[in-house]
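Next up: the same protein chain in two forms, each one alone, written as structure tokens (structure 1, then structure 2).
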Structure 1
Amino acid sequence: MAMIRTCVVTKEFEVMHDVDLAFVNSPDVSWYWVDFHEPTDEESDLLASFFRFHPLAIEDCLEYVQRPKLDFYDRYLFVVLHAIAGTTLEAEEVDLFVGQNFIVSFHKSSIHAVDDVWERLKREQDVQQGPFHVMYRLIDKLVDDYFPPLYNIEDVLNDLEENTNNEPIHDIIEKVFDIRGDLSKLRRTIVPMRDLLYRIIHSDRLQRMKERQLYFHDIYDHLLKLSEMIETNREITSDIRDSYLSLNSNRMNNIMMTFTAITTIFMPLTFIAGIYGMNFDYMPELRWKYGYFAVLAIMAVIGIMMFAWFKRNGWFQLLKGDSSKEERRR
């Protein structure tokens, strides 16, 4: 639902919610937070007409999803952050304008992290900390929301490695590629956020945030852990993919070996049958009383001998037995 939410903290640290937007400029206000929650075009125009933010920053808010970044303006910072959207894992942009006595957030969709921090402020927690602490809270909550999707991916990978449900190989390979796609989406969100936090921590222009560096270092550590988890899971998916592709290739080789052996066994039998299928008048053994049975016996002996030789040399691998051995090895 489109709306503009306001939260005002007075100089007596009284928290006031949903006040008229014009009240934020009152001399009794210590600092304020205005949240553009799925704004309409008319509400978005207030970024220029009421707050007078820089046109380039406003353009970044209204256009397609930007890469996480930090821009410095005369009286405020402009920060682009990324949230993760539900099950799709697509990046959703959260824009912050952070000044000495205000923070303005802008997002085109409902963001759980923003709502959570907003409700926390409603309970009159952290009201004395100011806009930069709210900025820290928002970034921290956004990063915390990155963990559940990765933990879910790890659980799915563990199930695929064990394959307790005996799923077909092509189904497993399809799931592995889906997981790699999800990991790529997360990587495109987490790595730029990690770079952004590194810049925030090491920027000389953020003197007012020096006392909060420990907090931002903690978020940066979380992002490093997330990056490592992504790379580890990508390696695991590569190993699973290569293992199952090798297993599938091995099974195909066994099938081809079996078919080749069967074809080879029937080659001399077909040769013998072909000879006695010729319509020559003079073939003495055709008139022999036991000729038919002798030929059948010879063909049976040749077939059995060739089958025994192929089996002894491993040409008749039972695919089900190979699969069981593979499962036991894993």
Structure 2
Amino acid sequence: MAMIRTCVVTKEFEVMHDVDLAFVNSPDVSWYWVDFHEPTDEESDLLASFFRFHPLAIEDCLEYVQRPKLDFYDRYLFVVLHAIAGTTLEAEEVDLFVGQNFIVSFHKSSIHAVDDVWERLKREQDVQQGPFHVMYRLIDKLVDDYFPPLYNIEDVLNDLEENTNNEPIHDIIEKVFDIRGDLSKLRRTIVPMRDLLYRIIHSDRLQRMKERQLYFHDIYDHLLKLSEMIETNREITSDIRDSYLSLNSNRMNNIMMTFTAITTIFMPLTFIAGIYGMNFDYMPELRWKYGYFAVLAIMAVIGIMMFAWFKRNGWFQLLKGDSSKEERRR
């Protein structure tokens, strides 16, 4: 739903919504906020024709997708911010032009944080704060919206670590790799946003915002925590993956070893049976009364001895119940 929303605060602290764009420059206006919401090409042209912003800044708005950044122009700051789309975790760009008496926001998709701040401003009628306060509220809300997907990932990882659902290893590995991909996506948004806030806090040219430094520092704290959560969770994915792979390979090896040991035990027995299955005319043992039982006894002795020897050397791990314990645990 393409549109341009306007919000104007007059010098008498009256708040007016959805006024005509031409009215914003009237001398009665103390400050205004214009929001480009999924704009059409004609609406986007207003950035140049009406607001006369710098061509490089406009290019950054129209060209998808810029990194988060802060540029200083003569009359205004130009800020590029990133929201995170709830389902895909892709970054979505929000551009702000912030001057002394205006803020212009521009975004090609619907952004939850922008709508939220717009609606609160309407309700609260908090008119004295001005453009820089709106910018603070927008960034604060955008960053608050980064937490839910990350908490969600932490929950999934916790389940995987305990393997509460007893999933097959194949699905666990798939999930771990999916989560790694999601963490990389989030990091690509969060780390440049963190660096942008660092720049905002430490910029000499933002002296006029110094009284707000405490507030931007609060956002920076959140971004620091978010980026640490990402690194921590990436580490956890590696550890889960390595742990599963090595335990699984260990379990596989134990099974294979047991199978192979069984085969190895029957090999000489089958060979002995083969010998007495030969059709030679003169094979004295075949004529003995208890030859058959003697051979059965010898086979039993050989089989039991091999079994005992293998068992003593630990080559029947999975008969000890280890494997079932593994299956219970993971």
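Along the sequence of structure 1, residues get numbers from 1 upward. Think of the rigid core as the biggest set of C-alphas that the two forms share within 1.5 Å after superposition. Remember, predicted model here, so these are calculated numbers, not experimental data.
Two forms of the same chain are shown on their own. Structure 1 is the form predicted alone. When the chain is split into two rigid parts to describe its motion between structures 1 and 2, Val134 and Thr237 fall into the same part.
Of the two rigid parts of this chain, the smaller turns against the larger by 16 degrees between structures 1 and 2, per C-alpha superposition.
Core superposition places the C-alpha of Ile298 2.9 Å apart between structures 1 and 2.
In the core-superposed comparison between structures 1 and 2, the CA atom of Arg287 travels 4.7 Å.
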